[in-house]
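For this one, two forms of the same chain are given in structure tokens, first as structure 1 and then as structure 2.
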Structure 1
Amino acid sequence: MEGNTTFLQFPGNRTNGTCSRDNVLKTLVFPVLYSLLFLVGLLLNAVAVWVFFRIPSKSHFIIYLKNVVVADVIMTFTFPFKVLSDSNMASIGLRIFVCRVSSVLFYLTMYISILFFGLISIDRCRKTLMPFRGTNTARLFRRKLLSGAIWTFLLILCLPNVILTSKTPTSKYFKCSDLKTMAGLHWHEVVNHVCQVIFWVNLVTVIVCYTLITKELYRSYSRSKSQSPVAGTICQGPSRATTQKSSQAKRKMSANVFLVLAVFFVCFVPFHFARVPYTMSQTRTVMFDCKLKLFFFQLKESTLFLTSINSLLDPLIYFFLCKAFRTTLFKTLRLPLGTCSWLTGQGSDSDTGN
């Protein structure tokens, strides 16, 4: 969906009428970081896929997480192509593939993750406000249909970016936008607007949901605090210790719920704030000199790397928020089910997976 990568091999200044982006940050630092990200991400997501294939889809939460896993795996496999392209080690044919396919898949999976983060936030909010509301086969089927509709919608939205990036480069120094037909450039602009809407709607959804979650958790904490002196006069000895442990576990669970919020803000928010001035620097060239264009490009690439880290941070969500994931993982590894309970607050998980 972004299509402005250049492949010049000169320092970061204006050369041959073009503002080159090739510097140490682009050609060395980020390729090394993405290589590490690929190796670690491949390992973590392989474990996640391996575990989730053993978990039945018996809750909305698990259905959403499985979709995020698939998106993360696809995103992870785009990293090697970006490494070769940015480090100027790719052939012209591979660079064309990056423009037509790889970068499109990267942004496709990014916005699929954003949409499912919004759905996960709604599910966590519902779970907090109505903890005793169960689910049934019909609701689960509707969530699966919704998941399929999200993938179908974004695939249809992105497919023209592949088809309409069909021009043959006239020089080895080309941008992805140089490969797009006139219709492709217009469609690219439409897709950018749609993706911005997707992000901002989900950002508002996440903020609203976690505001409601925070208020409910605070009310719950206030109620338990006001009742604790009474409980202390009734319960003595071991019972009081048990109550304190349960309270600590609930506090850990409450903190774990906010992992989704933290990952969303760390990974997705910076990029979308940096993307606005970057896009302006590309479309309104008269207003920006070469140095300013390079600054916004580097800012965009830096925040894009934060977005890529999402593929590493999502497994933390699976582990801390999904008891079914932990249980299956520990059973497979033959570890005691209480392992890491001091971190997760086991027994008070925000989702049982049942």
Structure 2
Amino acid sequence: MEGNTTFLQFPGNRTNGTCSRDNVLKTLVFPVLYSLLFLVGLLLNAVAVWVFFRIPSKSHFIIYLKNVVVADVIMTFTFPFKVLSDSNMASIGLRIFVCRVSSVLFYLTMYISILFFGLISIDRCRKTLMPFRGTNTARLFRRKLLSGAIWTFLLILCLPNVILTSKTPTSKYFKCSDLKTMAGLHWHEVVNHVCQVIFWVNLVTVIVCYTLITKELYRSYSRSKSQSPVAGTICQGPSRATTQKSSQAKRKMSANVFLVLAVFFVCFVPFHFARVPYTMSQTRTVMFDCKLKLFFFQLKESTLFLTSINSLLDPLIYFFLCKAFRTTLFKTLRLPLGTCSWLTGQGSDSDTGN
């Protein structure tokens, strides 16, 4: 196998100071950062799961958010394996498990989040442009089917990455690509191309949707200072109480809408630029010398950390954009519903959960 033999041309990678992956960044900095991410992410996502368990799936938005929570929880549980593996504290068996299962689960959940972010943007756009269009049981059922189809599609896409990572490592110091068969390396490349398409299509969707939302938001503000149903639709559907909102609160709401866009850009865009040359360095190894491979690996790992932060930022999105989430959280914590309205730009009007 070309990939493996070329990788094995650098058996001294570990001892060769300039090309070894085992530098302080991989073995110390990222393990510490991922450990923190795991602890905080576990806490925030546990709260999110606990709150969403109490919210019925009565809108498309809530259904999509529940899928994102599940993806984030699974992603969070992959962090300890990465920490052990990267810090060289894991046994060979555990490192093989990381390559075969936990890393694949990490990527799977990342693209689940990306796809649902796209759907959430479409839903928010629809809700803003057609605030009075409700939903019904049949539509809700179709959204659940769609969610199931997305999980199934990505599972089928990623499964060969598990199955074809079947080689036994020939040395203690191996990379995931060393465990892949020839077909496994090809599939790895195919999956990464498909995932690039998934990402860029969703990025365009998010940009288009939030441009339309912003246009409608400002048209609504200028149309009438006293009657503005749009601001209330970002999470919970039309609301007459928005008429009392201060212009400051409206500006905050508009800023909240951009939270999704900002999170999408910060977390996902850098990784998708870094991923292309890195995948090439894994599968077309002769084209890259070991220093360049190391550079692309470190670039991939650094940007991958940004995507991992997404699992921690998502609970903030639920809090700021979903009033049903806030209401349930405050009710359970026995806090007054108006708490943080200065932060979220929302009053304490009744919540429909749409």
Ligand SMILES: Nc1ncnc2c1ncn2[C@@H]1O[C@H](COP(=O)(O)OP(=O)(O)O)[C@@H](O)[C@H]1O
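Model, not experiment: these values are computed from the prediction. Only the largest set of C-alpha atoms that superpose within 1.5 Å between the two forms is called the rigid core. Residue positions are counted from 1 along structure 1's sequence.
Between the two copies of this chain, it is structure 2 that is the form predicted in complex with the ligand.
Fitting the two forms on the rigid core leaves the C-alpha of L145 displaced by under 2 angstroms between structures 1 and 2. Relative to the superposed rigid core, the position of the CA of V276 differs between structures 1 and 2 by 2 Å or more.
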